[in-house]
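A lone chain, given as structure tokens: the form predicted alone.
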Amino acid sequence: MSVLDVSNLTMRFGGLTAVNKVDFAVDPRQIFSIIGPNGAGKTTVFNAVTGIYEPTDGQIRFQGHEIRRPLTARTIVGIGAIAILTGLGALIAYNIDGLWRAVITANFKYLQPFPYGEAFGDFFGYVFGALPWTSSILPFLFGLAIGGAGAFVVWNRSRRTPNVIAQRGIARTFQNIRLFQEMTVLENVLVGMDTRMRTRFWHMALRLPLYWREKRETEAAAMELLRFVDLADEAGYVARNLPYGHQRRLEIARALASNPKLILLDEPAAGMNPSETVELMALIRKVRETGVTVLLIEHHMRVVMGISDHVVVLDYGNKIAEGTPQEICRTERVIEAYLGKEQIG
């Protein structure tokens, strides 16, 4: 079974079709590259896979399933509670004049302290006793419907967000480095472990045993990742002080911190010198050897041809070729997309 199946993926932005019916499948433990000229739609594909964009059309399946937050009993209870509270709010708003008289006017005495306890009692007494429920049922039902529908829409729109996809096992890096520049190298990796942590706010606030145990475990795991990318000696450095190539490796370490099954690398060799590029190629091979599948966007053809098992070529949002690096090099449409017809002729 493929790790990632992209079928008929289409992304439209107004009248612009950035990606047009693209299909490909990434097998386990592959280094799979997507290449193409600038503006071909490569990063748009990454954004659709990782939940930054919702596809206009098509299907993205990870390990045989669409990645969406499931509808659970807890979700249903939450939506129901919001619906009831909204209904009660509409009910109160509809009877605000009677409530004002029963709660405020009846208890207010000039130059006397306001009796908040009695006012709260009168409020509940009015709602559960004097409120004209028969004439107010329609506002209540209206609020109930609006609250329930609104809560469901918000939940439905959050079913395929980047955090949900990261929790399922897909991580990524970006074209432009997006480290937390004022945090240390170690802290950046720890941030990437958030999806794996069980500690909650109250554990940290009360310094419960789970907090201390998980703190030790995550710091040890983060240091292991830094050793994996050869940055252990720089764990205490502020991220912005790292050389450019090291910042790229730190981004990969942070992505690996979420323990992904698939990692998407968006132009990881951009801006690197030749020696850094060779080191990066070795690191990507090491990542694959750990069992993590790699999906790569890269303009550096030496990197693509040197490490890729399979390559897809995009041009103006359309897939124009697919195959091994050797097959891609001999494809006329690929050569034309990069060099132009005039150069070929």
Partner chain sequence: MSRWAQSRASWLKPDFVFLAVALVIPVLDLILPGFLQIGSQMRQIFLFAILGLGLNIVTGFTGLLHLGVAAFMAIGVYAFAILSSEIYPFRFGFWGALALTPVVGALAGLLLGAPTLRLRGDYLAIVTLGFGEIVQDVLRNVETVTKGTQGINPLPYPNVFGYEFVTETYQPWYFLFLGIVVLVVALNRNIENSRLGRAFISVREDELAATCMGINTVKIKLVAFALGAALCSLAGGLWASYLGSTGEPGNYDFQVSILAVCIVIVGGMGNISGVLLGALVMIGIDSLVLVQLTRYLQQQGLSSTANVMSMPNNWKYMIFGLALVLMMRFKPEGLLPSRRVKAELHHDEPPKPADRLCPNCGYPTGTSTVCTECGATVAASS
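Predicted model only: the values in this text are computed from it and were never measured. Residue numbers count along the first chain shown, from 1. Rigid core (definition): largest C-alpha set, two forms, superposition within 1.5 Å.
Although it is not shown, the form predicted together with the partner chain is what the next lines describe.
Of Ala221, Ile84, Leu131, Ile104, the one that lies within 4.5 Å of the partner chain in the model of the complex (heavy atoms): Exactly one residue meets the criterion: Ile104.
Among the candidate residues Ala149, Met183, Val127, Leu141, which is the single one with a non-hydrogen atom no more than 4.5 Å from the partner chain in the model of the complex? Only one option qualifies, and that one is Met183.
Indicate whether the partner chain has at least one heavy atom within 4.5 Å of a heavy atom of Arg172 in the model of the complex. Yes.
Is there a heavy atom of Tyr237 no more than 4.5 Å from a heavy atom of the partner chain in the model of the complex? Flag for Tyr237 set to yes.
Using a 4.5 Å heavy atom cut-off, state whether Glu217 contacts the partner chain in the model of the complex. Glu217: no, not in contact with the partner chain in the model of the complex.
Does any part of Tyr211 reach within 4.5 Å of the partner chain in the model of the complex? Heavy atoms only, please. Yes, Tyr211 is a contact residue.
Could you list the residues in 288-314 that come within 4.5 Å of the partner chain in the model of the complex, counting only heavy atoms and keeping sequence order? Residues within 4.5 Å: His299, His300.
Yes/no, Tyr244 Cα shift of 2 Å or more between this form and the one not shown with rigid core fixed: Tyr244: C-alpha displaced by less than 2 Å between this form and the one not shown.
Once the core is superposed between this form and the one not shown, does Thr173 show a C-alpha displacement of at least 2 Å? The answer is no, as the C-alpha of Thr173 shifts between this form and the one not shown by less than 2 Å after core alignment.
Relative to the superposed rigid core, does Gly89 relocate between this form and the one not shown - that is, does its Cα move 2 Å or more? True for Gly89: a C-alpha shift of 2 Å or more.
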